[in-house]
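The data below hold one chain only, encoded as structure tokens and taken in the form predicted alone.
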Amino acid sequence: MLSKSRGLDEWNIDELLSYGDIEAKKKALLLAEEALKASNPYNSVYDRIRVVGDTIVIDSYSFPIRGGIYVVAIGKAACSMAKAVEDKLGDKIVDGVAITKYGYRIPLKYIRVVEAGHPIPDENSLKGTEEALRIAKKVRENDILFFLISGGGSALFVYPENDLSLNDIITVNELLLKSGAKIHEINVVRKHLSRVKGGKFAKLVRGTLISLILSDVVGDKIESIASGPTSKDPSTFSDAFRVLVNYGLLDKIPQRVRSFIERGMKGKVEETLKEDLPNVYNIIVGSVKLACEAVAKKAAQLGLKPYILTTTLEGEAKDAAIAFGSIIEEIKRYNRPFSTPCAIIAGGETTVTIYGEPGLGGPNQEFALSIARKIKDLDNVAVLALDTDGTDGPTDAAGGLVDSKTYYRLIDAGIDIEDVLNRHDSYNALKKCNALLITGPTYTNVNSIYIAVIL
């Protein structure tokens, strides 16, 4: 069983604990480790499936095994989730494919693995999706198809609509990711350019479709997770058009894409799925909400009063950090709204709006760098920003861990924090002061988690 998450012994803790508010940092790291344990995709799936005779039981649902079992898994946790199904159902599995990010492969016995591009799709994304479509067509009315969804699935599960190319999809993805658009807005556009997103994949399946979902979307909206391949979709071509207009992308996207969306607005292209299908069951097995609750429980065990501020944190990373830091400052200076020692916890998905050619970094690193300004001189305070998939932006870092001394280490290193934030080069700045958080691949993804330890 793959129940073990990557622990602290595999992180760069020696660097992180080389200076500053060591005790607060140690507690923050223990809480982050707990978040990943609670988000373990293998356990999230394995513990939910029971096999009773010839029946699969998941929560209150019972699924008699009358035919073959097939598996399609997409996302950064695809292999771990697929392994859990293999360990439960073994040779009952007839065929399957897991499409995951490069470097996230683990050995599977009955299910093939395709590694592909993320956050920008590539040819392997297309090949993996073609495999999934081939499997979907094999499923008969008495068969069961497990569809396992985790974060990153939208980029990895790609099949352009007629008249569009993979390059069109890649171009639009790149533009959206740099625009500052929220993930659900990005997915509105993605769904309307795809033949498998927005419930379209579900329409191809004749048998029972059991979709087990590890949510990486704020609010756990099923239609937004991996662009909702098995869920009905309330958005329209008009919504996709508005997203492109709002972020100034309408004249930057390929003309073919614009024409396709405009035809969709006129009803000349089929919309996404608009009704629930009786053979489809969408079940969330993990989320940032559950992870934050686990962190709170662990904090109490460490002698900290835990407070979950929100599990739906959004907005520009550097600005969200200032708001988060303001609460820390109020606690530290005036012992309100919470008294110390405490841990304040948030989950969500902040964004970065990029202008010009960016440096190296990601939203969580930018959050950490920004909040370092706010918590300077607040002794015995540490703030950790963690992307639970282990890769924040196009970097090998999961985020950052800063304390009341980080700001001055940055200044001593000759770093102009405002300039770095404007150039989005947070990775190189945090690296110079041993504040990068490097966990390695975590094989999961349930959004980002923000933890402040205030002693």
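Since we're looking at a predicted model, the values are computed, not measured. Residue indices: 1-based, along the sequence shown.
Below, we refer to the form predicted in complex with a further copy of the same chain, which is not included among the displayed structures.
- Picking from 203-211, 268-276, 321-329, 228-236 the stretch near a further copy of the same chain in the model of the complex, with a 4.5 Å limit on heavy atoms, gives 321-329.
- Of the residues given (248, 356, 337, 107), 337 alone sits with a heavy atom within 4.5 Å of a further copy of the same chain in the model of the complex.
- Here is the short version: of 298, 88, 92, 374, the single residue with a heavy atom within 4.5 Å of a further copy of the same chain in the model of the complex is 374.
- Although the partner is absent from this view, residue 179 stays clear of a further copy of the same chain in the model of the complex, with no non-hydrogen atom inside 4.5 angstroms.
- Contact check for residue 166: every heavy atom lies farther than 4.5 Å from a further copy of the same chain in the model of the complex.
- a further copy of the same chain in the model of the complex comes within 4.5 Å of no heavy atom belonging to residue 126.
- Shown alone here, residue 312 lies within 4.5 Å of a further copy of the same chain in the model of the complex, counting heavy atoms only.
- Taking a further copy of the same chain as positioned in the model of the complex, none of the residues of 183-217 brings a heavy atom within 4.5 Å of it.
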